[in-house]
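Taking the form predicted alone, here's one chain by itself in structure tokens.
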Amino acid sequence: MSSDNNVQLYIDGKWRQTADTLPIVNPANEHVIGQVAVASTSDLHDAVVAAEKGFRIWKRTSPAQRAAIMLKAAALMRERQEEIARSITLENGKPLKEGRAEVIRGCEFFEWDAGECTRHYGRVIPSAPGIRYIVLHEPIGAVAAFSPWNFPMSQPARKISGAIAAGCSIIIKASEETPSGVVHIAKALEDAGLPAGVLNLVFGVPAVISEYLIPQPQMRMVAFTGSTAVGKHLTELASRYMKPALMELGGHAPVVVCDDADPVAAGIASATRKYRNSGQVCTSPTRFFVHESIYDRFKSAFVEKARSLTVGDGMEASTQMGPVANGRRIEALQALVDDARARGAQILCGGSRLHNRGYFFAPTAIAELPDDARALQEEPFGPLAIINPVSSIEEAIDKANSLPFGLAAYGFTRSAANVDRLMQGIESGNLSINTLEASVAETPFGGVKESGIGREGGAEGLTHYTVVKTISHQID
């Protein structure tokens, strides 16, 4: 699996070291803490051959047997929670408490999908005497999957669990910056008895891997979580070979705070959620549209909470927000703040880098930002929030829908009429009202517009890893 923090590939049931490696950096202190193996085209070829072999075995494995292996792996990961969480925090920077929660979240995906694979029913269509029409859901085949750095355990868990629950094999290219989370998943599945070749794990240059894997005829589907720009590229590549694509892409989540909401409670809850994982969450609440009658009270509560957060190394017990992922995120966030300041916006708190070492950026809130400011048009993907006043729920909905994104959206209200307006008006794949939880294992998750195609999780999640076969049987 790894030795002395050297992370290896996992191909055909065996761990594999390569001559070429990339450094793993702790974002809290910028120290190199290990190396990750880089896959060559020879390694990728072997992974494709292994995935095809693994699929032939796995698709004939009963749902009950698949579920048993998945549940055993989930139990092992729960037992190893502390070890996995510490590796996540060292590589990603998030507070250890958040790392522990991520491990449990990843296990919940496995546990839900394990149950769902035993009830992924087909159907018999009513017909005339002497003929039967039967619909089956069959596993699509070997899947090429790509997962991001921000949730290094739960994001690959969601793709792996969905694919193998459906009976597919999978090659997953996980993040080189935060590789340990997916390595622990592979180790748990190996220990649980997953047949060789069903799961293959590679790291390396993203473009090299995607451009090799996707055209291979053995690879039948592409699954990706990441930026909209990269998602469009991979979808285009997949379309050249007529392969379905499951895309969970970027967002810029709006929050509509209605005039009847409790502004203090909503402000505290919003700030608490906004700075989770240093704001590096595709569903992070970011654009707050607050009714003018409660705007000042919401803003004060939000800022007070933001200023109270302890920012530091995620391994420290007192830390409530860790660093961002790398220096590139610091530069991107600072550019958004500078643009906002130049346009006359109010910097309510934060707005700059913290500390002399590590990629720390202060929890930042910006008020009364013009609509054409970069921070309102581009997903910040960091600890930056925009709080703007609105005069009505209709204005808030218009502003919420003004961007090409539609992954998650939120609302605060105690009015059934306002709930109905939000449900009917907001363009997003996921809408949460009086809660800032956008996704759990048992519910489908995905976006509309440029935020993606398809759904992960829930009963719908396994569907994308299957093909529908219709059987017409004439009975003699």
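The first residue of the sequence shown is number 1, and the count goes up from there. Note that this is a predicted model, so its numbers are computed, not measured.
As for the form predicted in complex with nicotinamide-adenine-dinucleotide (NAD), it is not shown, yet the points below apply to it.
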Does nicotinamide-adenine-dinucleotide (NAD), in the model of the complex, lie within 4.5 angstroms of each residue among 150, 224 and 230, using heavy atoms as the measure? yes
Heavy atom to heavy atom, is residue 113 within 4.5 Å of nicotinamide-adenine-dinucleotide (NAD) in the model of the complex? no
Though only this chain appears here, would residue 379 touch nicotinamide-adenine-dinucleotide (NAD) in the model of the complex if you measure heavy atom gaps against 4.5 Å? yes
I'd like to know whether residue 206 contacts nicotinamide-adenine-dinucleotide (NAD) in the model of the complex, with contact meaning heavy atoms within 4.5 angstroms. yes
Touches nicotinamide-adenine-dinucleotide (NAD) in the model of the complex: residue 328 (any heavy atom, 4.5 Å): yes
Taking 4.5 Å between heavy atoms as the contact cutoff, choose which of 200, 270, 155, 87 touches nicotinamide-adenine-dinucleotide (NAD) in the model of the complex. 155
Using a 4.5 Å cut on heavy atoms, which of 170, 255, 249, 185 is close to nicotinamide-adenine-dinucleotide (NAD) in the model of the complex? 249
In the model of the complex, which of 358 to 366, 142 to 150, 102 to 110, 345 to 353 comes within 4.5 Å of nicotinamide-adenine-dinucleotide (NAD) (heavy atoms)? 142 to 150
For a quick check, can you give me the residues of 166 to 186 that have a heavy atom within 4.5 Å of nicotinamide-adenine-dinucleotide (NAD) in the model of the complex? 173, 175, 176
